[in-house]
Structures are given as structure tokens and as C-alpha cells.
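Below, in C-alpha cells: the form predicted on its own, a single chain.
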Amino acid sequence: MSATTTFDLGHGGAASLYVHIPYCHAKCPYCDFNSYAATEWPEERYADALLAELAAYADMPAWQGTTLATIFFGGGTPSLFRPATIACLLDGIAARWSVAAEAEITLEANPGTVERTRLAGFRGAGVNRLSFGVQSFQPDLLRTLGRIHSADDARAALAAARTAGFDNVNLDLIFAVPGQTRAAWAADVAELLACAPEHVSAYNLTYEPGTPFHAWRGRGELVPLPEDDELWMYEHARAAFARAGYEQYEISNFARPGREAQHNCGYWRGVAYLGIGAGAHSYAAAPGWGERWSNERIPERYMAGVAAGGAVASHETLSFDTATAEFMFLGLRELRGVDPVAFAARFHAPLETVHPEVEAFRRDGLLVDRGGRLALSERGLLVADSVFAMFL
């Protein structure tokens, strides 16, 4: 980053660190993340750039005294990098930053890219949580989604993770996939529960602009599932996970007690986070109503930027309206909802004064008061995006 970059994240408090590794064996057609299919990648050069970017931030006065509460390696497919590279990155972080003793350190992994020895290497490096992109156990749906692994790969990856010493594992599933039946989704949910992960993320498929799925839908080559089927799948998963002892704490996330994804909770609660790597985003709650910035997206341009002293490509100073809207729709993603007292302390005004629309949502039964907080109702949970849009 440039010598004039003075983003003030730290204030001697806690923050989260996101490390983006953008390389994949194949780009899934529904994915709009900043990722790139490759048969080989400049692993050492990219890791050196990450360490250089980290060092530059660590030298900023605003960051001194900051403790990292969570570290998240996302992608792309971070499990493509060697365990020794992940160890080098974690050692570099620990050498310049204070890392909380119980920090949650997550690595995303594709089930088709790992085995016991590799996973043991990640565990030895300091990773203590894995997130596997399973998406489905149905061969036809895996093909539709463009996944390169099989259901057997997913089962083997979880077994290998347990053998390697991981006791905190997330499994991702996707529902409302074209061609998916209610029976197929129920089978996926049952198979996942048989795997007994500590955490589950169940996402409905979205058709993001710029992805092949979006183009194929526009041309009629993909037909989205009826809304009734999508709602049935969501409600089926919620009920099944609840019966199995998983608590739903966010719209798409379910966890065993005490196994909530702390890194993601930080995003929803407005904790400062630093993103390093190609296209990574960062956020600071101060000065003013907050700052947000992002890096160059193309890996080669990112690495060149770091070498030249600046990889930041965009910067935004949040307005009062933007900051209050984000407080609301991010906070409402969690089932516990938002705290009106915290809102008033942050923005020096009552929540109902800034967002009078909450009264209409209460009357319509979309928002409820629960334990002193404002939260989505059961009905509001099913139309959450429409509720969030009203705050923008």
C-alpha cells in the first residue's frame, strides 16, 4: 500500500484478518468470487506478496496494539497451497501481530484437493478449523454445479480431517439447484447430518451477474426451481438441523453450541477486519462512520502493486446513511437481531428515529422485539432480502 495510506482500524482493539488465495483447479459456473482457474500458480511469489502487505500494515501506528481474534484463509481454493506455505504465512503473522490465544484460524478446502497427510500439515501449521465446500452428495448436482470432487471425496476428506486432529469442521451445502428435487435435498441433508460436522452452511443458489449461471438462465438454458420448492428446502433444512442439535444463529448458518463461525460473526457485528491478497476487502469502523477499501483483483497486478508500494485499488468513506443501513441489514442476518442501545451509542440517535420503517415491519410481523433486541420474525426470515432492501 502507498505511504499515504492511513486507514485507522486498530485503536489497540480486536480485529479479524482475511487472507485471499485466488487460485482454483476449475471455476464453478455459479461462483462470482475473485478466483481463477489454473493448473499452476506462483505460490511462493504470491505468499511473499501477502507477507509484504501484512508487514506494511503492521508498521502503521493505527494498527499497533491490535489483536487478531480470527484468521480466515479463503478463496479460491486455499488448500491448493502447501501446508508449509500456510505455516510460513501464519508464522509471519505471529511475528508481527498479536494473535489471540484462542484465535479461530479457518482454512477453506475443496474435498478433491486434500488427504490425511496434507490436512495434518495444515493442522500442524496452526489451522484449527476447516470449511469444506461439499455443496451436494448427488453426482448429477455436483456436475451441474461444476464441482470437481465426488461424494466419496467429501466423505474421505471429512474422515481425513478427523484423523488429522480437526475437531471443528464446517460443511457447505447448496439448495435450489436446477434439477434438484425435494427428495434429493432431503437426502443431502440426511447425509450431511450423518457426517456430524460442528457447523453447517446451507445456501440457496443465486444467479450472480457475470457468472455463466446468470447467462444460462437468461438464455433459458437453466431453469430456476419454483419458489415453493426453494422455501420447502430451506424449511426442511432448518427443521432437520434443529432436531439434530444445531442452533440456527444466522440466516444460512447452523452450529453446535459454541461452534459458531467467529470470523463471520465479526463481519455481521461490525468488527474491523483487514483483507490481504488479490481483491481482498477491508473495513474500519472509524474514523467517522467508517472506511472501506479493496485491493487490485488480478493476482499479477496485486503482486506488482505490493512490490511498488501500493495494492489498494479502491477506497470508500462511509456516509451516515450507509453506515446505519449496514448496521441494520448485517445485524439482522443474525437471528439474535440488532441491539437498539448499541445502535444509539454508535450513531448518537435512536434506531427508530433514523429508521422509522422498522415500525411498519413490526406491524407487518416481519420484525419482532426479542430479548431487548430487534430481530427478524419467522416470516421475516423467509423474505429477509426484501426487508434488508428497505434500509438501503
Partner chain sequence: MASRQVRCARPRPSLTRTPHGNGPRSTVEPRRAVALGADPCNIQRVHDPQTIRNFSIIAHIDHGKSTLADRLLERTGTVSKRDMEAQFLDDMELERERGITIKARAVRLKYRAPDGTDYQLNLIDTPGHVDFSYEVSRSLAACEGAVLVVDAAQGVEAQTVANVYLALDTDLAIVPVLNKIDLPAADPARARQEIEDVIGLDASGAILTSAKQGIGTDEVLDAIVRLIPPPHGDAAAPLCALLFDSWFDPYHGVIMVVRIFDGELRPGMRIRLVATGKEAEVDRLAVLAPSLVQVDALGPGEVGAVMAGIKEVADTQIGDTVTDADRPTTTPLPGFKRVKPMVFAGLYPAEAHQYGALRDAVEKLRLNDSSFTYEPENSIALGFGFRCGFLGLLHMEIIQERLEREFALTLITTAPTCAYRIHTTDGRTLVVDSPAKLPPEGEIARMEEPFILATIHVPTEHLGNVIALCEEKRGKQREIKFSGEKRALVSYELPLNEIVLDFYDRLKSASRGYASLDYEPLDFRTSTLVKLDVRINGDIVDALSVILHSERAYYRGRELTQKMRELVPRQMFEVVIQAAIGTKVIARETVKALRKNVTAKCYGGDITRKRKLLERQKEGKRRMKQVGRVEIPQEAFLAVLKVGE
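Residue numbers count along the first chain shown, from 1. Only a predicted model underlies this, so the values are computations on that prediction, with no experimental measurement involved.
Note that the form predicted together with the partner chain isn't included here; everything after this is about it.
Interface membership of Leu367, the partner chain in the predicted bound form, 4.5 Å heavy atom rule: Although the partner chain is absent here, Leu367 would stay clear of it in the predicted bound form, with no heavy atoms inside 4.5 Å.
Contact flag, Arg292 vs the partner chain in the predicted bound form, heavy atom cut 4.5 Å: Arg292: yes, in contact with the partner chain in the predicted bound form.
Residue contact check: Glu108 to the partner chain in the predicted bound form, 4.5 Å heavy atom: Yes - in the predicted bound form, heavy atoms of Glu108 and the partner chain come within 4.5 Å of each other.
4.5 angstroms heavy atom contact with the partner chain in the predicted bound form for Gly133: Taking the distances in the predicted bound form, the answer for Gly133 is no, it never comes within 4.5 Å of the partner chain.
Listed residue (Glu102, Glu316, Glu300, Asp167) with a non-hydrogen atom within 4.5 angstroms of the partner chain in the predicted bound form: Only one option qualifies, and that one is Glu316.
In the predicted bound form, the residue from Leu231, Ala87, Val312, Val271 that sits within 4.5 Å of the partner chain by heavy atoms: That would be Leu231.
Candidate site Gly75, Thr206 and Phe388: all three near the partner chain in the predicted bound form by heavy atom within 4.5 Å: Yes, all three are in contact.
Heavy atom contact within 4.5 Å of the partner chain in the predicted bound form, the stretch among 213-221, 157-165, 245-253, 302-310: Looking at the other structure, the answer is 245-253.
Contact set, 346-382 vs the partner chain in the predicted bound form - heavy atom within 4.5 angstroms: Result: Phe361, Asp364, Leu366, Arg379, Leu381, Leu382.
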